[in-house]
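Shown below, as structure tokens, is a lone chain in the form predicted on its own; questions about how it binds or moves come after it.
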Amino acid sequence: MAGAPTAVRLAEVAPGIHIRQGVTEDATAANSDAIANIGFIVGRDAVAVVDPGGSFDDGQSLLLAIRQVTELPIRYVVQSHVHPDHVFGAAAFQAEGPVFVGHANLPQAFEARGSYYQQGLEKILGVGRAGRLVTPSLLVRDQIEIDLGERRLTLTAHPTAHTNCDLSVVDRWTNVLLAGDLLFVDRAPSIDGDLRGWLSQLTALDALKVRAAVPGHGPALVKWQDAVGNLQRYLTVLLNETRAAIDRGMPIEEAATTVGLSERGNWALFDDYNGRNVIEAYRRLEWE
């Protein structure tokens, strides 16, 4: 994606819901951190972007794609959580004048990590290509609804799960959940919050009985019931095996190389993320 941005390729996964599927890679200069599933929802009167992309170039490419679909105003830009691949495209939308929306904990997370993330991303993409974070002005502490004109979206701020600032979106018209990184499909999950909390929030989402879901990584649309079970299985394996390792007095370094290995064949990039997940889980579980 180096050079002038071009419109991303979209899939209309449900009426009015357009998704760009991210590549199953980590950020590189060649992919401009376009590794997450991002997209937008079109109502009668306006558009809501759900995650603006992983870099300024990625955000510009999404904006170009939106304008190939509709000239309606972009009223909201929803940022599902703090991770760079979902939010560094936000500045590309500022000239459109939307309301930027995030979890009530997101501003604090940006303050704590923003400079670190930007510096790291610029080392990969090149100076000036990362973009910058845009702090949300509409903060969600529990649950709110936004209206795009005959299309209402329910935004839920979750307790600590994948991160401490996860925000999900349900389109009430199609009963489709845009889960952000609360749902990983095929690509290895990453834990930056609380393992037990993540499992709890998957149970809460399961109770919504949504028809389908857009995961943060993986196919652009999946049947919820088909996808959530795989993630629950992986996280449960991690929970049980990490607890067992702690009970046996296994050092954290050894646990990182032995826990969860039965799941290796089920996830792309497993070797890049599983050890980190075990370490994060171990640090929390050793105090329970």
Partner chain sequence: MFGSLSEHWPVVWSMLGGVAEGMLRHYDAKCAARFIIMIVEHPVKACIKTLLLAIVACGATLPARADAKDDDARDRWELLRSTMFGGRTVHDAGDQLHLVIPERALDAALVPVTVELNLPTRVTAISLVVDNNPSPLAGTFRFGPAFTQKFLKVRVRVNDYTLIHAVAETEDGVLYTTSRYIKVSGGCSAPGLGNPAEVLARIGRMQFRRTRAVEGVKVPAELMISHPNYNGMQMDRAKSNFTPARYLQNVTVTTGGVSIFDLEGDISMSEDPVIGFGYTPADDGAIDILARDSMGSVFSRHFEALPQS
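Keep in mind that this is a model prediction, so the values were computed, not measured. Numbering follows the first chain given and starts at 1.
What comes next is about the form predicted in complex with its partner chain, which does not appear here.
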Looking at 178-186, 163-171, 139-147, 207-215, which one sits within 4.5 Å of its partner chain in the model of the complex if you count heavy atoms only? 163-171
Using heavy atoms only and a 4.5 Å cut-off, decide whether all three of 115, 250 and 280 touch its partner chain in the model of the complex. yes
Taking heavy atoms and a 4.5 Å cut-off, does residue 108 contact its partner chain in the model of the complex? yes
Give a yes/no on whether residue 226 approaches its partner chain to within 4.5 Å in the model of the complex, heavy atoms considered. no
4.5 Å heavy atom contact, residue 246 to its partner chain in the model of the complex: yes
Any chance residue 202 has a heavy atom within 4.5 Å of its partner chain in the model of the complex? no
Quick one: from 153, 74, 133, 195, grab the residue that has a heavy atom within 4.5 Å of its partner chain in the model of the complex. 133
If we check its partner chain in the model of the complex, which of the residues in 62-84 reach within 4.5 angstroms of it by a non-hydrogen atom? 82
